[in-house]
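Shown here is one chain on its own, the form predicted alone, set out as C-alpha cells.
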C-alpha cells in the first residue's frame, strides 16, 4: 500500500477505537442524571445503587476516550498537515470550542459524581451530574459541527489557497449538521441503552436480581424501544439530505450504477467497480426510488455520473447494510423484551442471553454508519475544497505501517481490558451484596425456580 492509504487506515483505526467511548458517555451521562433525579423524587435507594454502578462505567469510558483522543491530535500534524494548513482557520476554533465549553465540564465535575455523594450536598451532586451530561452533549455538538462542515462546507472563502471564515453562523449550522447531530445523539442513546440492558441481563443471569439491576434493565430496554423508531425516521431524513448534497455517496450506498427512475433496492450484491456492475444481485423492484424519492418512479443518481469522483463502492455498500441490519435487530429485540417485561414482569433466560449478546451492538452499528459517512466522502477530505491526497504528509509508508501495527496491537489489548473491566464490575457488584439477591423458595427439587 502507498503512504496515503496506510495513513487513511491508521487514522481510521484510531478514530474507530476512539469513537467507541463517546458513543457511550454522551448518552450515559443523561441516564445517570435520570437515575439521580429518580432518587431525588422517590428516595428509593435502588436508583442510587444503579447510579453508583454505572458512574464507574462512565468514568472508565471517559478516561478511555480522553487517552485515545490524544493520538488523533498527533496525527493531524504527522500524517495530515495539509488539513490544518488549508482549513485550520475553521477547524482550529471549532476544536478549541469543544475543549473550552465541553471537556472541562466533564473533567472537572466527574470527580464529584464519583466521590462526592457523601461529601457534598445532594443538590451539588445533582448539579455536577447535570453539568457533566451537558458537557458530553456539547462535546458531541462541536465535533459534529466540524465533521458536518467537512461534508457540506459553507460560510468561508478561499484566499491564497487557505480557507477563511466569513459567516460563523453558516459554518456552525451548515446544511448537514442538524441531521448528523441528531443521528449521532440517538445512536449514542441506543449504544448506552443496549449496554445497560445487556450488562444488567448479565447480572440477572448470575442471580444478581436486586432492585437496582431490575431498574437499570427496564430503563435500558425502554430507552432502546423508544429511540429505535425515532432513529429510523431521522435516518431517512439524513439520507434525503445526503442525497441532496452528496449524491455520489448515496449511489455507492445503493450500488446503483445508472441514473434513472424505478431504481431497485439492492439487498445483496457484489459490486464490481472495474466492470461497473453488480454481480449476484438480489433486489426489490422500485425500492430505492421509493425510499429515496418517496416515489417508485423517482429518479435516483447513478455512479456512472461520477466516474473517477465517487467513493469505493463495496465498503460503503456493505457498511450501510450492516448498520441497517443491526438497527432492525435492535428494533426486534427491544420491542420483544419490552413486551415481555410488560406482560410477565421479568425476563426469560433466553431473552436475557439475547440482551447480553446485544450489549455492544451499538458499537457495531455506530462504526458501520461512521464508515459509510467517512469512506463515502472520498476522494475528498473537505468536500470540494481539499482532497485526501492533498492533505497527506511525506512520511514514508514503512514508518506509517509500523506505527499502524503498534496502534492495532495496543487497541486490541485496551478493548479487551475495557470489556473485561466492565464484566468484572458487574460480577463484583453481585458478590459485594449477596444478601440482597433473591433466593429460591423452599420447594421440592422437582419444581423449578419461578424466575427460571
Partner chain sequence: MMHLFGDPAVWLPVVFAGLMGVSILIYVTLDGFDLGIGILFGGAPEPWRDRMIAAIGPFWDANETWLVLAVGLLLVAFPMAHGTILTALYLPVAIMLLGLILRGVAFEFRAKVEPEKKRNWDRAFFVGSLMTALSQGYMLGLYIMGLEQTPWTIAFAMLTAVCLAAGYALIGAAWIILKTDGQLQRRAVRWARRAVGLVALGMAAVSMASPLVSPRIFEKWFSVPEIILLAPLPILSGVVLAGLWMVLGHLPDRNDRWDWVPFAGAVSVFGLAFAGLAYSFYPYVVPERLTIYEAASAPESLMVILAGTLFVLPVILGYSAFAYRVFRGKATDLRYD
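The structure presented is a predicted model; accordingly, all values stated were derived computationally and were not measured. Numbering follows the first chain given and starts at 1.
Absent from the display: the form predicted in complex with its partner chain. The rest refers to it.
Taken together, the three residues 33, 360 and 385 lack any non-hydrogen atom within 4.5 angstroms of its partner chain in the predicted bound form.
Contact annotation for residue 76: at least one heavy atom lies within 4.5 Å of its partner chain in the predicted bound form.
For the chain shown alone, residue 411 is a contact residue for its partner chain in the predicted bound form, at least one non-hydrogen atom being within 4.5 angstroms. At a distance threshold of 4.5 angstroms between non-hydrogen atoms, residue 41 is out of contact with its partner chain in the predicted bound form. Its partner chain in the predicted bound form comes within 4.5 Å of no heavy atom belonging to residue 26. A single residue from the set 230, 100, 332, 237 has any heavy atom within 4.5 angstroms of its partner chain in the predicted bound form; that residue is 100. Taking a 4.5 Å heavy atom cutoff to its partner chain in the predicted bound form, the contact residue among 297, 167, 272, 85 is 85. Proximity to its partner chain in the predicted bound form, taken as heavy atoms within 4.5 Å, picks out 107 to 115 from the listed stretches 107 to 115, 214 to 222, 248 to 256, 310 to 318. Residues 52, 55, 56, 59, 60, 62, 63, 64, 66, 67, 70, 71, 73, 74, 76, 77, 78, 79 are the ones in 50 to 80 with at least one heavy atom within 4.5 Å of its partner chain in the predicted bound form, listed in sequence order.
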